Every structure is written in C-alpha cells, then in structure tokens.
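One chain is shown next in structure tokens, namely the form predicted on its own.
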Amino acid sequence: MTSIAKPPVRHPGLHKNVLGFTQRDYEGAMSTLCAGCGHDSVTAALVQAAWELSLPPHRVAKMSGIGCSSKTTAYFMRQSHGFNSVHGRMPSVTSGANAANRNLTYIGISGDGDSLSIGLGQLCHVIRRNVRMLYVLDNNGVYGLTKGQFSASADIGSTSKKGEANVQPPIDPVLLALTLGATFVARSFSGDKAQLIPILKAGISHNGFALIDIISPCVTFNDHDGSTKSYKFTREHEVEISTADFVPLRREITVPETDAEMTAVTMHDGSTVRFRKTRDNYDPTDREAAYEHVRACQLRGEVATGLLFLDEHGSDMHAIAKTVPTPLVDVPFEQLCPGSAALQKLMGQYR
C-alpha cells in the first residue's frame, strides 16, 4: 500500500525548537496502518522526542526490517536517511551503516516477529557489539501482516482472535537484553505518552545500544479479552518501576516538586536521566535487580515498565573494535585502499 503525502499547511503559531523546526517538520507520510494501531502512537512519540531533542533530520538514519512496525520509518522525519531491509536483518544492516558513518543518529524500528523469530540471532549480536542506536521493538504478540498468528512474544494462555490458546513460552526481549549485557534497557506502553517520550529521548542520547520494548496493541488481531498484549490488559497490569525524566544538556536541570527520592544518572554528553523511585531500594544501575524485578512482575502477571537498566560506562562498537575516529565515509580512498605493496607489508608481519 502506497503512503500518502501529508498536506504542507502549517499553523503560523506552532512552536519551534532551537533549529527553527516545528513538530510538523519531523513528520512523514500519512499512516496506512489500521486506525487505532499502537504503532502510530509510537510514531507520534518519536516525532515529539526528535523535535524536543532538536535532531537535525538529515543527520538521522531510520532503519527497519519487515512487518507492520517496519512501515513506521515512512511516517516520521521524511528528510532523513532510511533503509528498509529484508526480514530480520535490520540489526546487521544498521551495524554496517554505523561502522561506515558513526556521526549519524541511528533509529531502528522492528517488531516482535522481525526481532524475536527470524531476526533473533541478529538482535543478539547487535546487543553484544553495543552498536550505538535506538532499537524500538513494537511488541504486539502477533504477526499483523499475515493475519494474526502468534509471535515469539505471545504469552502462554493468550488466545488468538479465533479463541485458540498459545502453548509455547514467550521470548522476553527485556530479559534477553539484560542477559546479553545491553547497556540501556526499557519497556513502555504505546498508550503512555508521558512515560514513553522521555525514555525515547534518553535512548537516542545513549552512548551505545538502547533497547525499548514497547507494548503496542494490534487492534485488528490482538486487542480482545484473551490477549495479554491488549490495551485493557496492559493498562490493568502495568507496573511502572520509575518515572523517568530526560533532561537535555541545554536545559536547566531542575528537581520536580516532590518528596520522592531521586536517582540521577549522567549521560555521556553531560545530560541527565532522573528517576523518581516508586518502590523501595530499586537501583536502575543494578542489572541483577532489574532482571529480578522483571521476572517477579511476570510471575504476578504484571508488566514491568520504565527505564529498567542504564549503564553509561560501556564501550560501544567503535571503542571495542578500535576504529579510527574519522568516519570511514570521510576517509580518502587512498587511505582505505593503499595498494598491494601496503597489503604485502602488512601480511609480512604475520609470516
């Protein structure tokens, strides 16, 4: 289905960011997803997050695979670079693009089918490499493009629209990321804009791989009473671990008027992520505690949301691989390909 261009009309009173852009400048084509789809709410949150961060659209690369969620790249920042890869291969394509040009901001959009089935191995390795990117996983528990089959994230006992029950255990992307050493792990709900936008902003600014698992209900195939990925179930079972507020470096850092204990984590660029604790003794920098909390919520039939884990001291892919500071796209050809004599000299070191 072809995307439809939005009319260029803009209200003269729209607020502008420091680049002089309005939120309309961060929009894309009109969505062709089902009316009420949670993915469109994620798109709206991405638009606002990018606008508030004053991201230069031409310095952003939007990456995706295949699925309803992967169509999202057409719906925001139309002036940005974009690449729609084959099913499940977005992580490796993004890794290659990042290796060539580290100066772009990479935003990957995927779904539970694209990431946890055919692309599971790719997701594991992009986490291990700590590629600097925001990885948005729109999680609805079904394959929406192929009429609602259970995906790998469907919970045991969750029923399809026709009433069939899922009997296979799910893969939890949050637990997977925590196990593999991800340095930024969060979960949110597409219907919770107040929570989602600060988390997206923090993920974009993170110096490494940032996974945000977003429960995004499929209104056509998975928004009924038997689904554990529906709007109703998520709202009734959501447990917010912390209220996060991302504070960009250019803004004055203020403390909300509350008596709640605050935990502040300084980002790589000097900006700050603030946590207002909603449960005693939770440390957002403690990987084991984050894992235990998510598992405890699962056992109670609850959904743990919020910024669950953050480590700003990890090394990203370029630091691990010890690449040159200059992006490869800017390195002269003569340096990238110095000729056979230089190759023979290098090979001589290994003989």
Partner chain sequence: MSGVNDFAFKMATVNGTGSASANSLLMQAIFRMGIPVTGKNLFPSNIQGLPTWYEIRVNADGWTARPEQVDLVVTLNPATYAKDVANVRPGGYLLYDSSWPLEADLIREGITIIGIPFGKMCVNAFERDRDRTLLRNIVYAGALAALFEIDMDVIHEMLTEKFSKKKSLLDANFTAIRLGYDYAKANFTCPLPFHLKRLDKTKDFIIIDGNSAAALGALYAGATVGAWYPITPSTSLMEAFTAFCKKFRVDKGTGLNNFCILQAEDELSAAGITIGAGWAGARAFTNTSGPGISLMQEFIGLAYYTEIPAVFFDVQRVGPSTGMPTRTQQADLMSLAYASHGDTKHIVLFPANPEECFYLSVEAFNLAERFQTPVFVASDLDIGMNDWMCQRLEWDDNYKPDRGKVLDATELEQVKKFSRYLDVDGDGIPARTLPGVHPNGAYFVRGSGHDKFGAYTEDSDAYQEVLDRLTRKFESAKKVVPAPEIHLQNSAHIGIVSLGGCHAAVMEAVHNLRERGIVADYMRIKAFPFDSPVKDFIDSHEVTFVVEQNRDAQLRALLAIELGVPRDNMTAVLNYGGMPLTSRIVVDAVAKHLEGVAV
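Here the structure is a predicted model, which means the values were calculated and not measured. Between two forms, the rigid core is defined as the largest C-alpha subset superposing within 1.5 Å. Residue numbers count along the first chain shown, from 1.
Below: the form predicted in complex with the partner chain, not depicted.
Asks: Decide whether Lys193 counts as a contact residue for the partner chain in the predicted bound form under a heavy atom distance cut-off of 4.5 Å.
Replies: So Lys193 does not count as contacting the partner chain.
Asks: Using the partner position in the predicted bound form, report whether Val167 sits within 4.5 Å of the partner chain, counting heavy atoms only.
Replies: Val167: no contact with the partner chain in the predicted bound form.
Asks: Indicate whether Gly96 is a 4.5 Å heavy atom neighbour of the partner chain in the predicted bound form.
Replies: Gly96: contacts the partner chain in the predicted bound form.
Asks: I'd like to check something about Gln149: if you look in the predicted bound form, is any of its heavy atoms closer than or equal to 4.5 Å to a heavy atom of the partner chain?
Replies: Residue-level check for Gln149: no, no contact with the partner chain.
Asks: Tell me which of 210-218, 74-82, 152-160, 177-185 has residues with heavy atoms within 4.5 angstroms of the partner chain in the predicted bound form?
Replies: Looking at the partner contacts, the answer comes out as 74-82.
Asks: Can we say Arg59, Val86 and Arg89 each have a non-hydrogen atom within 4.5 Å of the partner chain in the predicted bound form?
Replies: Contact check passed for all of Arg59, Val86 and Arg89.
Asks: Which one, Ile197, Leu104, Leu116, Leu137, lies within 4.5 Å of the partner chain in the predicted bound form by heavy atoms?
Replies: So the residue touching the partner chain in the predicted bound form, by this definition, is Leu104.
Asks: Is any part of 317-347 within 4.5 angstroms of the partner chain in the predicted bound form by a non-hydrogen atom, and which residues would that be?
Replies: Going through 317-347 in order - heavy atoms within 4.5 Å of the partner chain in the predicted bound form - the hits are Met317, Ala321, Lys322, Thr323, Val324, Pro325, Leu328, Val329, Val331, Phe333, Gln335, Leu336, Cys337, Pro338, Gly339, Ser340, Ala342, Leu343, Gln344, Leu346, Met347.
Asks: After fitting the rigid core, is the C-alpha of Leu19 off by 2 Å or more between this form and the one not shown?
Replies: No; Leu19 is a residue whose C-alpha shifts by less than 2 Å between this form and the one not shown when the cores are overlaid.
Asks: Please state whether Asp330 has a C-alpha shift of 2 Å or more between this form and the one not shown, with the rigid core used for the fit.
Replies: For Asp330, whose C-alpha is compared between this form and the one not shown after core superposition, the shift is less than 2 Å.
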